[in-house]
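Given as structure tokens, the chain that follows is alone and in the form predicted on its own.
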């Protein structure tokens, strides 16, 4: 039996969700250690990481979402592997995963933060969901600093927000072109790291009802600025958005069967 693992995360993070999804798909028990931004540095630096997610498993410290998926794949049964054995299919999966990691994930983060950081109560609740009590108490006082750090680190400006939105549209359009032939998954005939990564890193754009629980309420568009809510609806209506939402529904259905 595989040992329990420890996953260090933010409460709301699409890269952390990528790691959660992989662990759950492979039925690997794990303990999640959630931290609010800035507080996470104390936890990750203690184990040799910097940002989240960080997975500690089998004596290894994995500090990147793709590194986590790659390692988990080495211990996964054949019917649950996320990376194809066929070299050509593997190349396609890795190329798509890289695209989503470096373009989609960064763009959805900039686009979403450009709206939500202006809503402190909404941001605070999501940043502190199920984190240690002392972080919940202290976080409101440091939120202005956190917000400023995020804006600086991600270079969030009206221009970069527009560019991020356009990038999401372009990637969704490209995925829509792939799906035109009726394929069920992005590569081959099996769910892969490409599908998982696309669905996880699209979460801010399509805001699936199955994400988290009522305390996070990502799918409640009434909480969002009208322009953001309108853009979310647009993403959902694209074939790629519908594809991501379908993967989230299927994940939730499998979780229900296991309860």
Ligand SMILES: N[C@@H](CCC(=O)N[C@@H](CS)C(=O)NCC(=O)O)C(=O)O
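Source: prediction; values computed, not measured. Numbering follows the first chain given and starts at 1.
One more form of this protein exists, namely the form predicted in complex with the ligand; it is left out here, but the text below deals with it.
Contact with the ligand in the predicted complex, judged as any non-hydrogen atom within 4.5 angstroms, is confined among 25-33, 226-234, 48-56, 203-211 to 48-56. For residue 124, no non-hydrogen atom is located within 4.5 Å of the ligand in the predicted complex, even though that partner is not displayed. Mapping the unseen interface onto this chain, residue 192 falls outside it, with no heavy atom inside 4.5 Å of the ligand in the predicted complex. In the predicted complex, the ligand lies within 4.5 Å of some heavy atom of residue 41.
A residue is said to contact a partner when one of its heavy atoms sits within 4.5 Å of a partner heavy atom; residue 153 meets this definition for the ligand in the predicted complex. Only one of 119, 109, 103, 81 comes within 4.5 Å of the ligand in the predicted complex through a heavy atom, and that residue is 109.
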